[in-house]
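One chain comes next, on its own, written out as structure tokens in the form predicted alone.
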């Protein structure tokens, strides 16, 4: 099913406003202990923060998806996660009102995967692992991306962490274009995905965008974008607690090939 971008998602694309100080109940998950700012006031409609043990989410009642999921990956955490056997426990998020959340039935026979934002393989214990399978940490994702390039990007981040670097990661959807797909008349399908990776100590970062087209004629490659360009597209300030983040050097991840 297709819905009009103007009719339903105009709430998320109105003019930007000056950033306000972000408040969060789980500062440990965010760079500078500060969560992203919603620069478009309309993004705040139906936005709810959810704090999990290993990541933080802001969820939108408009899209019935997260707007982002943020985590701090340390070498010790990634080492613990590597020893944890995967156990799938996909579930609706019971902290959200039923009218605002995605349900397992929404994804059934849709052609889209339930795509993690903060991935299962980053989770350091069984509690965090189960939490990562909440639909509040997921968006409808094209299978070729979720099981291929997106998974490869997640692994490249972990390799960098295993090399001794602690990284802040923010992952989320982009909703762009004249029309957006919708699952079961309820859950909006992102046009693309983004991942921002930041090394505060080295003052380096990199931002990726990957198409979420269900059946592309040619498999897309990652696009790298500047922090400012990504924030403009999202209508958010992603690192408001990090002074001069726009001047950071470029972070290079092992084995990641980007579009020219």
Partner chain sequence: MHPYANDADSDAIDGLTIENGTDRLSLYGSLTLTRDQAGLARARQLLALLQQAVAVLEAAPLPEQIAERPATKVANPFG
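Note that this is a predicted model, so its numbers are computed, not measured. Residue numbers count along the first chain shown, from 1.
The same protein has a further form, the form predicted in complex with the partner chain, not shown here; the description that follows concerns it.
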Of 123, 136, 183, 157, which one comes within 4.5 Å of the partner chain in the model of the complex, counting heavy atoms only? 183
Among 94 to 102, 157 to 165, 141 to 149, 75 to 83, which stretch has residues with heavy atoms no more than 4.5 Å from the partner chain in the model of the complex? 141 to 149
Closest heavy atom of residue 40 to the partner chain in the model of the complex, within 4.5 Å or not? yes
Do residue 62 and the partner chain come within 4.5 Å of each other in the model of the complex, heavy atoms counted? yes
Contact between residue 169 and the partner chain in the model of the complex at 4.5 Å, heavy atoms? no
Quick check on residue 153: any heavy atom within 4.5 Å of the partner chain in the model of the complex? no
Taking only heavy atoms into account, state which residues of 69 to 91 are within 4.5 Å of the partner chain in the model of the complex, ordered by sequence. 86, 87, 88, 89, 90
